[in-house]
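Here's a solo chain for you in structure tokens, the form predicted on its own.
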Amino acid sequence: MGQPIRIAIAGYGNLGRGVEAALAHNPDMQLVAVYTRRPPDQLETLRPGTPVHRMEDLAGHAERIDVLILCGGSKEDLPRQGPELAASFNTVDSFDTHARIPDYFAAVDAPARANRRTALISAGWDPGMFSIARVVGEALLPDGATYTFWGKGLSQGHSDAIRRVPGVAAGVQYTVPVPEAVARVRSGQRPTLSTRQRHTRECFVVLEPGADAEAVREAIVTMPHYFDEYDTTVNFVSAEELRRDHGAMPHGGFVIRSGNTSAGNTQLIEYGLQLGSNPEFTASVLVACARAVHRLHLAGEYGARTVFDVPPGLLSPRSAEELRAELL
């Protein structure tokens, strides 16, 4: 094995900590630094001795980093950080606002291409692994329909969105599949299901002192791209109850492609995930994608990319010869 890939983390919340944990399982990579908006001396990393710097210090550290993994939120952080940092670094991020991915891709692609950098956007499990399952299912069963169900689980992006609502001190959001819809799809039917018919959303919110509960509820349930198309329940709880009952971050879901290869022959493809920790699994995907980004950059592949543009072999630490011999 040659020199390890030098990885840096931008943002050290749940996802950033997950990236650090994932890197411990990838000996071909080395964590060289964490960058944070908090005072660096107040940050305690999982591995003692990891260099911690201010986010502002990134500008002078480009030569020390092979791939920068962006661990900010999709609502406010990544739309600004992604294009800005792609001008100076090879990057990977987990931007997950599906409706805005085309615009975000264009915003990242221009600076990355102009500066001969490689930026993989919207990696994780959805978008990410589920995206691949949708593409493969559609390609294999062109006469069919694809259904994606998430949960039951805690969504990081949606939880981050509700915490940014004025009057919210803390909160989490769970995505819950509608059981009747899942049963119809698994039976081989091809029902037409609206967004509202596929999932519900359940929020648990701690209010700031003096906050107007009804105003907070209204701001959440009408939030575009996050809650406005779903039946959303907002539960107001104490900080103690939130810590006690909602401290874990499980998630998961499944992608189903139902189709026919000939009259009377129904085929069903299902790809599913059961995740004990949403951020740790998302982080594991980002780390594997960072390996692919490094290889793509060395090959002169510049600009923005998505998981659709990454050959699976580039995600693996194994050589092409090993993959053919042992996994093909």
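All of these numbers come straight from a predicted model, not from anything done at the bench. Start at 1 with the first residue shown and count on from there.
What comes next is about the form predicted in complex with another copy of the chain, which is not displayed.
- In the model of the complex, no residue of the candidate spot (Thr45, Asp212 and Phe236) has a heavy atom lying within 4.5 Å of another copy of the chain.
- This chain is drawn without another copy of the chain; in the model of the complex, the residue among Arg198, Lys75, Arg186, His246 with a heavy atom within 4.5 Å of it is Arg186.
- Although the partner is absent from this view, Pro224 stays clear of another copy of the chain in the model of the complex, with no non-hydrogen atom inside 4.5 angstroms.
- Gly13 falls outside the set of residues with a heavy atom inside 4.5 Å of another copy of the chain in the model of the complex.
- Contact check for Tyr271: a heavy atom falls within 4.5 Å of another copy of the chain in the model of the complex.
- Within this chain, Asn90 is remote from the site of another copy of the chain in the model of the complex, having no heavy atom within 4.5 Å.
- Only one of 275-283, 66-74, 50-58, 37-45 places residue heavy atoms within 4.5 angstroms of another copy of the chain in the model of the complex, namely 275-283.
- Annotation for 293-328: interface residues with another copy of the chain in the model of the complex are Thr306, Val307, Phe308, Asp309, Val310, Pro311, Pro312, Gly313, Leu315, Ser316, Arg318, Leu323, Arg324, Ala325, Leu327, Leu328 [heavy atom within 4.5 Å].
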